[in-house]
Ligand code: IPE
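Just one chain follows, in the form predicted alone, and it is written as structure tokens.
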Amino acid sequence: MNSDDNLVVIDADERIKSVLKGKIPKHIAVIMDGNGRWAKERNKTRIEGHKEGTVSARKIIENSLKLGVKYLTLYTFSSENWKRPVLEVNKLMEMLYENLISQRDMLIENKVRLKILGEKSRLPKKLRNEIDSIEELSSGFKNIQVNLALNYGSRGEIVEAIKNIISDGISEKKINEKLISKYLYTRDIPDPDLLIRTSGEYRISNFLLYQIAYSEFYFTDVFWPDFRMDSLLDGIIEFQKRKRRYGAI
């Protein structure tokens, strides 16, 4: 008998039902990593890897909706990513624009609110215009809020928050953690319960440094283009095993 004959195969729907019996993270943040390595392993171009990564982005939105996640933050393009080759950056910007247009109907149908976290001014004008249009269109949707961290860097976010606090003339005595949170891109968004990073890397890469102080971390070797419902369930199951003490016993 093959040893595999003893393995118990769990139906995908049964896994979902089991996970739904536990606590579902209200806010999941994802560092989507591994597009380039996924492509290299398959003798494809990096751009092909990014294209497949956009499929995973759509899938995680759909799957998060199915599981009842209320906030999903995707690290889409960091402020450091401008250092990549110009041709790759330009193609990524074009892909972002095309995907926003192609996913507009899906966002409307599923009542998905879209919000951009990051500095928009450096983005191409037509991309900014499309972002502004979809943000306004979806502003009243409540099924799930999808935050795209775009031209985002957490250190820069914190520096900008401090500058704005000073500019607003707020006295030293009034500055506290709650006030600082109101000056971040994530104002009015609860901190992530679960942070997922794909591709086997174990670093934060300047992502939500202030907001993840008490988030649970889940690292997976799965490259982002291969990240589907099973991978998401793995992360949530691990989250459900954790006991969040917030410094208490």
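Predicted model only: the values in this text are computed from it and were never measured. All residue numbers refer to positions in the sequence shown, first residue = 1.
Not on display, but discussed next: the form predicted together with the named molecule.
Partner contact for M32 in the predicted complex: the named molecule, 4.5 angstroms, heavy atom: Yes, M32 sits close enough to the named molecule in the predicted complex that at least one of its heavy atoms falls within 4.5 Å.
If you check in the predicted complex, is R203 within 4.5 Å of the named molecule, heavy atoms only? It does: once the named molecule is placed as it appears in the predicted complex, R203 has a heavy atom within 4.5 Å of it.
Considering non-hydrogen atoms and a 4.5 Å limit, does the named molecule approach F77 in the predicted complex? Yes, F77 is a contact residue.
Considering non-hydrogen atoms and a 4.5 Å limit, does the named molecule approach R197 in the predicted complex? Heavy-atom contact with the named molecule at 4.5 Å: present for R197.
Exactly one residue in N81, N99, S138, Q145 has a non-hydrogen atom within 4.5 Å of the named molecule in the predicted complex; which is it? Among N81, N99, S138, Q145, a heavy atom within 4.5 Å of the named molecule in the predicted complex occurs only for N81.
Of E88, E94, E130, E119, which one comes within 4.5 Å of the named molecule in the predicted complex, counting heavy atoms only? Answer to the contact question: E88.
If we take heavy atoms and a 4.5 Å cut-off, which stretch out of 55-63, 210-218, 42-50, 185-193 is in contact with the named molecule in the predicted complex? Going through the listed ranges, the match is 42-50.
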